[in-house]
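This document opens with one chain alone, in structure tokens, the form predicted on its own.
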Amino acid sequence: MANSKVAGQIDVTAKANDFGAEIGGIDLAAGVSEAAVKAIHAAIIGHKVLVFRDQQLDDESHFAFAECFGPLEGHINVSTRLENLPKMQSFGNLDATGKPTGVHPEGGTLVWHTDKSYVARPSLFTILRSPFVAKEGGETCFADMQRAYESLDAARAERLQGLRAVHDWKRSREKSDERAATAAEIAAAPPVDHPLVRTHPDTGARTLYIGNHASHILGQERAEGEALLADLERHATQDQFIYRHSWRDNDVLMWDNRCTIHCVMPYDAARERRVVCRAVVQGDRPV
């Protein structure tokens, strides 16, 4: 891993292929200067996934850090929103006494997805912390959708141009065997379509824009479109495109949803304790 200093504010240690980086030299709970925000923004554009170790964040300082990067937005599943900070989300496998329930919450996190692609302006950055970290399993995996797209042969890439995928919260719930979407959720997040290959607004790079929220391809037979999406996902989640994050206590993760997909690895929900708290920065319309 290569180490560098950005703008005199943070240490950036890049991971393999520059996909992912560990950020040091900063205490997020103490507040983040404007210069540090710019340096972190530059780092996430360059590396797509950032890891901050040994951070002592609570809900309020987590919210304050996330808000440095733009307006935040609540999750479509209102039951997971924090009562005092409704634009933040928390869920886990613990009961009221703090014991594991044996049930993994939000099964949609176990399949590859990019956050909130089922809305017209999908999520920009996600900032995640885990107050309770599974000791075995529960890793978060990321796939580099820019490298996955760039590795396609020219003819295959050409066939994707101009195609649009329909992203659908209701269908996403069905595909991940989760509870059915409520009428209120469907009304709040009707199906939308986005380019199958989007252009990153900060880098100009082309990236695949797929994942579990993607239902089918606009204008294609449903089965044909589903098969194409599944094939692209298999391609994009090969080992050479993956960063696998093994959680430590007091980690904070931050990632760019415009050029990554992610999922959580299974863990024993009856034995391990795992809780995550999430803040999401509102994004832009894919083009």
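Start at 1 and count along the sequence shown; that's the residue number. Fair warning: this is a prediction, and the values are worked out from it, not measured in the lab.
Omitted from view is the form predicted in complex with N-oxalylglycine, to which the following refers.
When contacts are judged by a 4.5 Å heavy atom cut-off, V264 counts as touching N-oxalylglycine in the model of the complex. Looking at D115, you'd find a heavy atom of it within 4.5 angstroms of N-oxalylglycine in the model of the complex. The closest non-hydrogen atom of T140 lies within 4.5 Å of N-oxalylglycine in the model of the complex. Remark: F132 does not count among the residues lining N-oxalylglycine in the model of the complex, judged by a heavy atom distance of 4.5 Å or less.
Only one segment in the set 256-264, 225-233, 66-74, 22-30 has any non-hydrogen atom within 4.5 angstroms of N-oxalylglycine in the model of the complex, and it is 256-264.
The candidate spot formed by F91, T109 and R278 is fully in contact with N-oxalylglycine in the model of the complex: every one of the three has a heavy atom within 4.5 Å. Scanning I217, V197, L124, L128 against N-oxalylglycine in the model of the complex with a 4.5 Å heavy atom cut-off leaves one residue, L128.
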